[in-house]
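One chain comes next, on its own, written out as structure tokens in the form predicted alone.
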Amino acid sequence: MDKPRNPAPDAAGEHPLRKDEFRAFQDLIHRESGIFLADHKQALLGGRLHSRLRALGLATYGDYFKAVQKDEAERIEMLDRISTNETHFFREPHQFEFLKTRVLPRWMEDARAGTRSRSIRIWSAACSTGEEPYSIAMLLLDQLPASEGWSIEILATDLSTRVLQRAKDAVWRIEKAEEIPTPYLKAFMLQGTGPEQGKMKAGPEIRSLVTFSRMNLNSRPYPVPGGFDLIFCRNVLIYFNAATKVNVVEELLAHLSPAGLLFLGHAESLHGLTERARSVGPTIYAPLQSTYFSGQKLPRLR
């Protein structure tokens, strides 16, 4: 008779993530970040956390769970590991077209008429490695130059300290240049030479507009003043359950100016989440009472 064997290791390592351990992490991650990991993400979670077990010399995921409960820095590290950070320059092109053709001309017209200031505040609420806020910076700096009195302030936040550091460094593979319109690429990006060949870096003009900070959208109230002209929170709500989505949306809308706009990702909608906003374009929302970009009130979301 064959001798009993230990459970076979999985991709996560010598000691697979057990179901009860996954449940514990699932609950902790949801409480800490609002991100809900479905049951089929068990192997994925094990794979993403395994290197931390190795780094800390821990034998089991249960040991690691105890570590993250005791150590706030390790909890942040854990959340870094489970965050999804895929992004691109000028992602959701129709939103940038909406800004260029409908929003910015209206701002310029109102500024000339003296009915709005030339100070613009924007929040990129899940900025990942920085492509989103720098895309916004390129468009606005091109259309609203400082020489005409415009002042642009972009707050870029994310849950992950790892991607925030990459965003601050503002360096990407040169292949990413294909995502940027040629006039913006020439005006605002620097091409690496020598040891930096094959890379590009955001130029100082657009870097100066962006401030980075770690923020957890599941921790309320948000530690930033409201009154943003634009809030981008794209491809974030898809990771939350219904209750968390409602809470996050309400908080975001509370930080939007009465004439502001909220931008979501292509797979996201405010349908069924709030009656305080209405659609003014695909995945673009305004406060319910605002008529700034439509000229008339539209029906409530159903």
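The shown structure was predicted, so the numbers you read here are calculated from the model rather than taken from an experiment. Start at 1 and count along the sequence shown; that's the residue number.
The same protein has a further form, the form predicted together with a small molecule, not shown here; the description that follows concerns it.
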{"item": "Interface residue in the predicted bound form among Val163, Leu141, Val103, Met189, criterion: non-hydrogen atom within 4.5 angstroms of the small molecule", "value": "Val163"}
{"item": "Partner-contacting position among Glu205, Glu175, Glu97, Glu86 - heavy atom within 4.5 Å of the small molecule in the predicted bound form", "value": "Glu86"}
{"item": "4.5 Å heavy atom contact, Leu217 to the small molecule in the predicted bound form", "value": "yes"}
{"item": "Close approach of Gln42 to the small molecule in the predicted bound form, 4.5 Å, heavy atom", "value": "no"}
{"item": "The small molecule contact in the predicted bound form: Ser135, any heavy atom under 4.5 Å", "value": "no"}
{"item": "Exercise: His50 in contact with the small molecule in the predicted bound form, heavy atom 4.5 Å", "value": "no"}
{"item": "Stretch in contact in the predicted bound form with the small molecule, which is absent here, among 254 to 262, 271 to 279, 56 to 64, 235 to 243 (heavy atoms within 4.5 Å)", "value": "235 to 243"}
